[in-house]
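Shown next as structure tokens: one chain only, the form predicted on its own.
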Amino acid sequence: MTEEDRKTWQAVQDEVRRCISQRIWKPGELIPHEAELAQQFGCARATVNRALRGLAEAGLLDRRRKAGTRVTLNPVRRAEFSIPVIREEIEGKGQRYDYKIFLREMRVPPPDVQARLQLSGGISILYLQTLYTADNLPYAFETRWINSNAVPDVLSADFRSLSPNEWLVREVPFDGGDFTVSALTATEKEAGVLGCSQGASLLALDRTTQHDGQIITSVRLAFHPGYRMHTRL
């Protein structure tokens, strides 16, 4: 597809979005057929098809064979999440970034982690505990399991210049995963590392990432008290 084609496709999608957001096409209402839209926008029908397909994937349109395309009655609002590079997050706030690895060893994960990583019992993998700091103050405490059978290069990785977080983002592709955001009370260990009182309220992010059907890593980030997460809808 040429650059001009991409612009035309984007322009069609933007115009359809406008019609939806301004209620020119109301929720639940049928929109014009692709042929009509192609004539209206002065482009190929295939361009309209691609634009509508993208909006259907975004949850704004409901497309059904032989029934036409309708504006979704209750559109799905989707938040965008990316795997954060903690260094960039801290430096983006104008603070000095640093990290310290407290523990790095091969260990058999507990049953719940084995289940998340889809591993058989008794298999040792790489386990790390890392503290990230901002202006020399605790920012996030990371406990991470890396499936070193799926990512053997991690065993020789030198984390002196790149944290485990950044090394994985740079070196290992991923094509899926899941995450959970939760509130927790600080354990004695977390309180000592994050410099807060035991039982303090913390925000925690649990995440797994995968590639080619294999779970690469399972990680928990416990953030300092008062941390706020921001994303976009």
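All values derive from a computational prediction rather than experimental measurement. One rule holds for the numbers: they count along the sequence shown, beginning at 1. Note that the rigid core is defined as the largest set of C-alphas that superpose within 1.5 Å between two forms.
Keep in mind the form predicted together with the DNA is missing from the figure; the text below concerns it.
This chain lacks the partner; the member of 199, 68, 195, 59 within 4.5 angstroms of the DNA in the predicted complex by a non-hydrogen atom is 68. Only one of 64, 26, 189, 170 lies close to the DNA in the predicted complex, with a heavy atom inside 4.5 Å, and it is 64. From the list 161-169, 175-183, 200-208, 31-39, the contact stretch for the DNA in the predicted complex under a 4.5 Å heavy atom rule is 31-39. Using a 4.5 angstroms threshold between heavy atoms, residue 10 counts as touching the DNA in the predicted complex.
Relative to the superposed core, residue 39 undergoes a Cα shift of 2 Å or more between the shown form and the other one.
Comparing the forms between the shown form and the other one on their rigid core, the Cα displacement of residue 181 stays under 2 Å.
Remark: with the core as the superposition reference, the CA shift of residue 223 between the shown form and the other one stays below 2 Å.
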